[in-house]
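Same protein, same chain, two forms; see structure 1 and structure 2 below, as C-alpha cells.
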Structure 1
C-alpha cells in the first residue's frame, strides 16, 4: 500500500483530510459509505450544503453522535465504513470502541478521513491531527491574524477574517475550474509538521499572517453560511466577488479526498522477449525484451486511460542498470523495449510513479538473468580474430621451419 496523503483544508473551521491508496476494483477505487460523527445533530442542518454535496455525488452518509455508546468502526474483523467525517471538535472522547488509536488504525488500513476543528478543539482531536502531521496552536484563544491579506468587513480593525488565495497549483486536487474568489478563514492557527513528508499544503496563509490572541473580540461571529454566500472583497483589492470560494474549495478537495479524482491503477503488467508473447521464467544477458503496463485514472464515474509522458521503467539490481521513459499510445498502454544488461544476477522490473495529487504507483517484479551457456556462444567471435590469426600464423611458421630444417641441409 502506498503512503497516505494528507490534505489541509481551510474554511470557516480547519479541515484536515487524510487519504490513502486502496484497491483498484473494476467499479471504482473506493466504497461509498461514510460515517459522520458530530457532537450535536444540529450540525447536520448548519452544514447541509457540504453534506448535501457529498450525498449528491452518491456517497452514503450515516450520522452518529460522537459519544454514542454503540459506536464502532468494525465488526467481526471487517470495517463497516469506507470513510470518516469528524465534525465533533469539542468532544473529549468517542463512544463505544472508538478512540484515537482506532481512528488512526482506520486510516492506516487504507480509509479516508475529513476532520474539522476550531478553537474548542479537544485533546482528542488535537492528538489525531498531530499524528496526521498537523499541529494546532496550544492557546485555545489564539486566532490567525493578517493585517495585509484580510477580508474587508463592516467591523473596523477586524483582521481575523483571512482572505486566502495561495492555493496549490493542481487541477487534480482543486478541479479544472479555477477558484476565482478568495477562501475565507477565521479560526485557530495550525501548521504542517515540516518533518512529515506526507503532508500536502493545499491552501497556505501569507507570510504576513500570524497566530495570536486578538486584543478585542467581536460581539458576534458571522456564521459559516454568511461566509459562503455574502459578497467578499480582499483588503487593498478593487476586485469584488459575489461570494467566497469556500464552497467550491471544500467541494473540490472533498472529491479528491474520497478518491473521486486523482486515483490511478495499473493492470496487465507484462514482459517478454521481443517477437514472443509468453513470459519467460528468466532472461539471458543481452536478450531484447519488451515491458508493458496499462494505467487508468478514475474520473468519478469510470476508469479512463491515463496519459502522461513521464512514466519510467527501471531494470534494477542494487541500482538501475536501465532507466527508460515508457511510450504510450494514449489507450492506457505504456511500453518500453530494451536490451538486458551484460550482467547476470537477480533483477527487478520497477515502476515508481509519484505525481502531485495522484495516488502513487509502485510496481515491482523479480526476474533472474543468467549468463550464456557453454553451447550458446558464437562459434567464432569477431573480436578474437587477431588471436585466431596469431595461432594459425604460428602453426604455419612452425610447419615451414620443420620442412626447411628436415629437407634443406
Structure 2
C-alpha cells in the first residue's frame, strides 16, 4: 500500500490527580510544546494534514528523527516537552538518552503521547505499547481482516481494509459533532485486556473481525476470532476515502489526547459551619456544615464552568458516612450542606468524579471531627428531673435531720 497504515494509540496519561490549581488565568491545563519523532522526515509531508491540524490549533511541534543522537526528553530535571507524538513505528531504538523507560517515565510524569504503529512495529514500539496495556499481534505479517464490514477494494477477496464505526459513545473524546462516515482501517491488530481498567477503546472493529496473515492459509481462525473481537481498539488511517471519517476522528481524538477537551479542574474548595464563613480546623459531631467546590472545564481556549448533576461529596472515614449529590448553580460552584455524623474521628471531604473521557477529579481534604467538649453537653435533661429532685430532697432531708439530731432536747 502506498500510505503506511497508521494506528494511533492514545495514552492519556496521568488520569489521576490532574486537578491543577492556581491557573485560573486562562492558561490551559497542558503546555503546547510537542515532540514529534519520525523515522523519516518525509512523514512530515505525507501526514501534513494531521500535523497541520495540530499546528493550526496552536500546538508547537518539534520534528526530530527518532534516532537523532541529541534526543533528550528532559534537561536539568525539567521536561522539555509537554507531549509526544511517536510516528516512528519501525525504529529499533531511539537516539540520545531516550529509551523505553524514558518514554514511560515521561508518561508517568503526566504527559501525553500519540503512538503510531504499523505491521513493521519494532520491539521498542511494541514494548511501549505493552507497558501501556495494549498488545500488538505478534505475527508481523498479520492484519485485521473482516469479511463483513470491509471497505471496497480493488482486489477481490482482500478484506483487510475494514470499516470501523463502533466508536466510543463520548462527546468528550470524539467531539460533539457526530462522525458520520465509518473510519477506514488497514493494519496490524492489537488487543487490550478487558480487565485493564485504565485503557479506553475508542474505536473497535466489529465482532467479525480477526487478525491473521492474509497470505497464509488459516487453520485455526475461529479460536482467534473470539479473542480479538473485543480487542481491536483505536484505529485510524490516513488513507483517503470518499466517505471516510478518518480525518475527523483523528483530529477529534488528538484534541482529547492533548487535553484540549475533557479536562476538569476543581478549585476553591471551601467548607464551613452553617452560618459562618471561616474554615474551622476541626468540626464537632452533629455540626451542620456547608461544602463547596468550583469545577471548571477547559474548552480549548478558556475555563468554562462545568455543569453536571452527578457530582457527589463524600464525608469519608474508611467508608462514606455521608454521600450526597452536590447542587450547582451553573457558575461552576457545587455545594452541599449536611450534618456531621455522630461519630468522631479523622474524616475526609472526598470528591471522586470519574466520568468517561474526562480527567478524574479526586479531591480529598482531611478534617478531624471531635466529640463534645465537657461543657457542650446538655446541662439539664428533662427526663432526669426526678433524679435532681431526689438528690436535692435527700440533701435537704439530711440537713434537717442533722439539725434535729444535734439540737433537739
Partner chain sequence: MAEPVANAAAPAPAPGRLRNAFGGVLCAFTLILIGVLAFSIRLFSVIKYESVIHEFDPYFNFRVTQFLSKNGIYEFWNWFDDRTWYPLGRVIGGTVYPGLTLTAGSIWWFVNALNIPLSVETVCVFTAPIFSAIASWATYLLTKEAKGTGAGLMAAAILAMVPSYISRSVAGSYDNEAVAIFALVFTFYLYVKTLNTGSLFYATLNALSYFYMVCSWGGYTFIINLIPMHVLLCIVTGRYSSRLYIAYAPLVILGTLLAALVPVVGFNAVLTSEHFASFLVFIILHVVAFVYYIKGLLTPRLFKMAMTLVITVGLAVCFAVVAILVALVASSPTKGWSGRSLSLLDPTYASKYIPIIASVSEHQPPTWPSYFMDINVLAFLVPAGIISCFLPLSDASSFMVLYLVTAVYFSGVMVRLMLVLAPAACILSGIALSSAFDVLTRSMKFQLSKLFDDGPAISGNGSPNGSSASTVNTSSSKNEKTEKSEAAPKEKQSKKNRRKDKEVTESVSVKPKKEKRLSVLPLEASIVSTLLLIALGGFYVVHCVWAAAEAYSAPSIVLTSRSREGLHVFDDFREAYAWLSHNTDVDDKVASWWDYGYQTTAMANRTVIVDNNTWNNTHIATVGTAMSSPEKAAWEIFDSLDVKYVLVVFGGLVGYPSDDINKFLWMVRIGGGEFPHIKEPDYLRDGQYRVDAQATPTMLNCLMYKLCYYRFVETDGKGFDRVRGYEIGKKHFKLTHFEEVFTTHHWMVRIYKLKPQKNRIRGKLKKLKSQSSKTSSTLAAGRKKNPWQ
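Between two forms, the rigid core is the largest collection of C-alphas that superpose within 1.5 Å. Positions refer to the first chain, counted from 1. Only a predicted model underlies this, so the values are computations on that prediction, with no experimental measurement involved.
Of structures 1 and 2, the form predicted alone: Structure 1 is the one predicted alone.
Motion between structure 1 and structure 2 between rigid parts - which of 97, 289, 377, 298 is the hinge: For the motion between structure 1 and structure 2, the hinge residue: 377.
Whole-degree angle by which the smaller rigid part turns once the larger is superposed between structure 1 and structure 2: Treating the chain as two rigid parts, the smaller one turns 30 degrees between structure 1 and structure 2.
Distance the CA of residue 381 travels between structure 1 and structure 2 [rigid core superposed, Å]: Value for residue 381 between structure 1 and structure 2: 2.7 Å of C-alpha shift.
Per-residue CA shift, residue 394 (Å; core superposed between structure 1 and structure 2): C-alpha shift for residue 394: 9.9 Å.
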